[in-house]
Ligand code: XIL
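Starting off, we have a lone chain in the form predicted alone, written out as structure tokens.
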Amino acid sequence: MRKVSAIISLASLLLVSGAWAQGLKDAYKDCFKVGVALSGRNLTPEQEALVLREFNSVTCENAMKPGSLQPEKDKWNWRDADRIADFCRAHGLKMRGHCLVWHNQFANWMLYDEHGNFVDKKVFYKRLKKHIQTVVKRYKDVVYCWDVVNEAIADGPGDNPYRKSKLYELCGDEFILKAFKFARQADPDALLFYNDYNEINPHKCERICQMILDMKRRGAPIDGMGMQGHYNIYYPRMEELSDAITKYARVVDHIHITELDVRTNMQQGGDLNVDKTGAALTPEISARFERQYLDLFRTLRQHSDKIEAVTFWNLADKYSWLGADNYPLLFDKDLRPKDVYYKVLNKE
């Protein structure tokens, strides 16, 4: 009864608000998939109804990351990933798998022996292959693509384009090549993506493109580029976004916007030291927020021949990794659509 009441309540809200005619997935069906990242906290009747109303693709926000799934050797934590995958299976939603290799939230036990020293690379690759293939095979019926490697390129200046992570310290750039090969072996049909933030910055964009070309020459089956899209109300300029999309389209066949949100302060990108205070919602800040979302979607529509999916990084402000005070999504902390939602929906 509680579930039915919640669904009826949300349906009534959408009817009153005028949004019941179509959701984002319907409005953009001729442009690209519209997806959402979910955690276990999002699996409530009211939120599930909103997901089904608006989206046709789902990503696990954290539940499929290596450190979440296998924090210790052979000790698997499938609960939240399975719950989200089962929700998708039950309702015919396809999933973006996120992610198989990331220096943060990694299963660090793979890298070390019992004395805390690096294992031999062969030992590491054996562990990594088992992890990747176990995960990919478990979800291959519902996951249509994977972010295989996440954030392996450095942001700052220097001759070495790669992030100096423990993965890189042990393996150099070879771990990227191996991860993509292991994923392809596990599911020959899945699309395989490299995923990163600050991906619009011209310097980093060039580094990413060169890495992808080099890896493909060495046999890495990289199908697509995941442009994370952690932006703010001041960044990016749409010319930079267009240029980056065009450059990535020259080196891969598939481009997704994978983690879209727009915060109201000056921070952007994937830095985990997030300022969750946001900016006061003055008329000027609200207008900038609205204008940025509308400009983003206009630009993405202009590139709908290249962009295949746009995924919001969670459903509503209350559940965002940026905090509700950053006001980053189209639905507020009470799951109500913001004014800009209707303008995005109507392609203004």
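When you see a residue number, it is the position in the sequence shown, counting from 1. What you see is a predicted model; the values in this text were computed from it and never measured.
What comes next is about the form predicted in complex with the ligand, which is not displayed.
Stretch-level contact check against the ligand in the model of the complex with heavy atoms at 4.5 Å: of 266-274, 241-249, 108-116, 78-86, the positive one is 266-274. Residue in contact with the ligand in the model of the complex (any heavy atom within 4.5 Å), chosen from Trp102, Tyr139, Tyr235, Tyr125: Trp102. Shown without its partner, this chain lists Gln292, Asn56, Asn62, Ser286 as candidates; in the model of the complex, only Asn62 has a non-hydrogen atom within 4.5 angstroms of the ligand. In the model of the complex, no heavy atom of Arg96 sits within 4.5 Å of the ligand. Residue contact with the ligand in the model of the complex: Phe297 places no heavy atom within 4.5 Å of it. Although the partner is absent here, His256 sits far enough away that none of its heavy atoms falls within 4.5 Å of the ligand in the model of the complex. When the ligand is considered in the model of the complex, Tyr28 lies well away from it, no heavy atom lying within 4.5 Å. Residue His230 is the sole member of 229-244 found to place a heavy atom within 4.5 Å of the ligand in the model of the complex.
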